[in-house]
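Only one chain is given next, in C-alpha cells, and it is the form predicted on its own.
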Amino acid sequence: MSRVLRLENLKAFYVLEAWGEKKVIQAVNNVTLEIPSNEVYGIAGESGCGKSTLLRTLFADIEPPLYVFSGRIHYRVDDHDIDVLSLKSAEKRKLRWTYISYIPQGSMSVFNPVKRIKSTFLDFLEDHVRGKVRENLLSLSVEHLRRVGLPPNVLDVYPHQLSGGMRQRVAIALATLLRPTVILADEPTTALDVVAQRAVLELLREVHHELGNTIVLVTHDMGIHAQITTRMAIMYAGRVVEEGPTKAIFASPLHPYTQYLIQALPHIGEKKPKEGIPGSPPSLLSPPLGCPFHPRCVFAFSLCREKVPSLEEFVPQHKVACFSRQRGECVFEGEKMRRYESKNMDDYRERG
C-alpha cells in the first residue's frame, strides 16, 4: 500500500502566555500515522480533540502560538520522502496547492470579503502559475467552477452574495485548481443544511475519482465518515486511539471510545434514547496520566492509569491503543457489554 503522507511521533502544542504564566495545550500528542495514496482518509473525534490542529501541521502551517516540539512530517513526492518541517518557507510554498492543498473550516475565511471571486482566483493563479496570460487564467477558473456545478458569473460577485453551499463549492474549486496530490478538508460541511452537505460530499467524491488523489477529511460527524471515507483515524485528547479501514471500524470497533461514537448514530425506526459518553473530555492543558480515556472507560484497570498504550495492529490493517482490548478483556457485543458494564460500574463511579 503506497502512501503520500507519514507522521512520526508528532507533537504540536499551543504555547499561550497569560498573567505572566505560560500554558501548553497538548493538541497533537505523539501521533504516528501513514496516510495511503488514492484514499479518502477520515479523522474523527469530539470537538477539541486536536483534529484541526493535526490538519494544520500536515499542511506545514506552523505559526505561533502553534509550535512543533518533536516529530517529522514526510511528503512522498516523486518517489522520495521530503521532511516538510525541515524546508524553508519558499520550498514549502512550491509544494502548497500543487502537491497539497487545504480547505479550511468555514468558507468565508478563504476569501477577501471586499474582493470579487475573480480577484481571488487571479491572485491565486498568478502567484502559482507562471507564463500564462490573464485570459487563459480566467478560462481555467471558469472551467473549474463548471466542474463544481457553478456558472461563470460567480466570478463577478462578492463572497457574501453567495450561499454557504455555493461558497463551499468555490473553495473546493480553488483547492483543486492545480490538481494537487493531497487535499486537506477541515469540516467542509460545517454550518450547511443537509441538502448542501450532500452536494458537497458528492462533489468531494467526484473530485477524488477524477483526480485519483488523496483527500484527508476532518469531521466529528461519524455519519459523514461512513458515507465517504475509505480509511479513518479516531482521535481523543490529542492522540490517535484507533486506525483502520472505515468498514472494519464501523463493523467491529476496537476502542471503547469508538464504540460510543458509533452507538450515538441515529438509526431509522429506533425509539430508544441514546446514551452519551460518561464524563467529559480531559483538558489538554493537563491530560490525565496513562491512557487519556481511562477516566471515562468502564474497562480501565491499573495499567491504564499508569501508562499510555501504543497504537498497535490488533488485526491486519486495523490498529488500536487500548490495554483492555489487547488483553482480550474489552467486549462490546450486545448483552455481553451490558453485563460487563454492570459488573464494573461501581468501580467506575468511584474513579469519578
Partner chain sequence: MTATEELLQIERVTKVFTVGSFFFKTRINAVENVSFGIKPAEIFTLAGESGCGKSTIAKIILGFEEKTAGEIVFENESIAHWREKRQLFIQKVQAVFQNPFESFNPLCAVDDIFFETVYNFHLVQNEKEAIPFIDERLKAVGLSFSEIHSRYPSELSGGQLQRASIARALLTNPSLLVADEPVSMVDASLRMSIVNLFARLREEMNLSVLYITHDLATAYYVSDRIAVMFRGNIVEMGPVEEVLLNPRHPYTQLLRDSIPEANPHRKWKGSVRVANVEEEEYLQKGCKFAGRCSLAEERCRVDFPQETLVDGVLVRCHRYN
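So that the term is clear: the rigid core is the largest set of C-alpha atoms that superpose within 1.5 Å between two forms. This is a predicted model, so every value here is computed, not measured. Residue numbers count along the first chain shown, from 1.
What follows is about the form predicted in complex with its partner chain, which we do not show.
Tell me whether L192, Y257 and A264, taken together, all sit within 4.5 Å of its partner chain in the model of the complex, counting heavy atoms only. Yes: each residue has a heavy atom within 4.5 Å of the partner.
Please pick, from H74, H220, K118, K92, the one residue with any non-hydrogen atom lying within 4.5 angstroms of its partner chain in the model of the complex. Only one option qualifies, and that one is H220.
Can you pick out, from L137, L211, L85, A199, the residue that has a heavy atom within 4.5 Å of its partner chain in the model of the complex? Contact with its partner chain in the model of the complex is made by A199 alone.
In the model of the complex, is there a heavy atom of its partner chain that lies within 4.5 Å of any heavy atom of P287, even though the partner is absent here? Taking the distances in the model of the complex, the answer for P287 is no, it never comes within 4.5 Å of its partner chain.
With the cut-off set at 4.5 Å between non-hydrogen atoms, does E270 touch its partner chain in the model of the complex? Within the cut-off, so yes.
Although its partner chain is absent from this view, report whether S141 comes within 4.5 Å of it in the model of the complex, heavy atoms only. S141: no, not in contact with its partner chain in the model of the complex.
Though only this chain appears here, would Q105 touch its partner chain in the model of the complex if you measure heavy atom gaps against 4.5 Å? Heavy-atom contact with its partner chain at 4.5 Å: present for Q105.
Residues in which of 94 to 102, 199 to 207, 174 to 182, 74 to 82 have heavy atoms within 4.5 Å of its partner chain in the model of the complex? Partner-contacting stretch among the options: 199 to 207.
Looking at its partner chain in the model of the complex, which residues in 219 to 255 have at least one heavy atom within 4.5 Å of it? Heavy-atom contacts to its partner chain in the model of the complex: H220, D221, M222, G223, I224, A226, Q227, I228, T246, K247, F250.
Just checking, between the shown form and the other one and with the core aligned, does V194 shift 2 Å or more at the CA? Yes.
Does V142 count as moved between the shown form and the other one, where moved means a C-alpha shift of 2 angstroms or more after fitting the rigid core? It does, since the V142 C-alpha is displaced 2 Å or more between the shown form and the other one after the core fit.
I want to check K247: does it shift between the shown form and the other one by 2 Å or more at the Cα, with the core superposed? No; K247 is a residue whose C-alpha shifts by less than 2 Å between the shown form and the other one when the cores are overlaid.
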